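There is one chain below, alone, in structure tokens, taken in the form predicted on its own.
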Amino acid sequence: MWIVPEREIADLMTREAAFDAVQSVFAAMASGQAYNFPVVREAIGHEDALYGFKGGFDRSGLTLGLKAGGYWPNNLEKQGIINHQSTVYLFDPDTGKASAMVGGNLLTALRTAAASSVSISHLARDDAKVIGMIGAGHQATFQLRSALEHRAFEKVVGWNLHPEMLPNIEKVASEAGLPFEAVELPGMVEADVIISITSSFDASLMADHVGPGTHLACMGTDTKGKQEVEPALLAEATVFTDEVAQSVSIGEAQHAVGQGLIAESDISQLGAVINGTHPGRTSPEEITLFDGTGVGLQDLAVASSVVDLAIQQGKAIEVDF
């Protein structure tokens, strides 16, 4: 079995490689070549932590495995380590034998950012100039860096429940040579693309905060009860997701479906747009929304790529297991 430690990931996985891996997984899911297993995600009753498992199998890439991990909200303050902690395990689909264990923290950030960027690439207007960020934590910096590579944005606006964290995304904007403006939530109406990446259980973004033609990537809701946007916003938008079953059970759509504002049949897979079986955006005024719940196949795809690179570069550790 191969082990790729967390410390090696930064030198092995690029944003471009993560984008390609995630886009391929979405396409494989929509064509029926890959599927995710049911998610286990629970509050463990200790340190306010959420812990769970995401797994799946990709027949086209012969990738089988799972990611174990979750969110420990007190880590940064108490331990000086990031709040999201995870590890990816890969298995030989021919024998079931464990084949690799891969540090999943940076991979999770990269694949989550890649997912929203895939949605921006396929659904945002070509003339999008202003990007809005809701959330300014660790994940938000990855989201913004990746998104800036997929449209010629000219300005970044941002909001965070704790405004003292906004310099995190202002720094990313500055590195890209773009102006940054802190706004209240109604100011998000200026944005052509909005990424929400929080751990909220209460909606922040309302329907009247979003202008015509906006593309939204809702990336923070991955657990029953979590919520980032007003359900009425999904009723006004054309809704896409990574996996419909997760969208209606643990994703942003759980609330709109639960209130009868939209039906499960109103939600389309982003992979169908990639494959050309769904037209995607059909007008400049259409609001599009990607409900990024985070599927196990994303983690497996980027982890598999990392293992191959680590072996090639002599950075993987082989153990008898």
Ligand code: NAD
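In case it trips you up, residue 1 is the first one in the sequence shown, and so on. For the two forms, the rigid core is made up of the largest set of C-alpha atoms that agree within 1.5 Å on superposition. Computed from a prediction, not measured in an experiment: that's the story for all the values here.
Absent from the display: the form predicted in complex with ligand NAD. The rest refers to it.
With a 4.5 Å cutoff on heavy atoms, Asp222 counts as touching ligand NAD in the predicted complex. Gly137 belongs to the set of residues with a heavy atom inside 4.5 Å of ligand NAD in the predicted complex. Within 4.5 Å of some heavy atom of ligand NAD in the predicted complex lies at least one heavy atom of His162. Although the partner is absent here, Ser146 is not a contact residue: none of its heavy atoms lies within 4.5 angstroms of ligand NAD in the predicted complex.
Partner proximity in the predicted complex, defined as non-hydrogen atoms within 4.5 angstroms of ligand NAD, places exactly one of 176 to 184, 198 to 206, 90 to 98, 147 to 155 at the interface: 198 to 206. For the three residues Lys129, Gly213 and Thr288, a heavy atom within 4.5 Å of ligand NAD turns up in the predicted complex in no case.
Counting a residue when any of its non-hydrogen atoms is within 4.5 Å of ligand NAD in the predicted complex, the hits in 282 to 306 run Gly292, Thr293, Gly294. With the core held fixed, Arg41 shows a CA shift of 2 Å or greater between this form and the one not shown. Core-aligned CA deviation for Leu50 between this form and the one not shown: 2 Å or greater. After superposition on the rigid core, the Cα atom of Tyr71 is displaced by 2 Å or more between this form and the one not shown.
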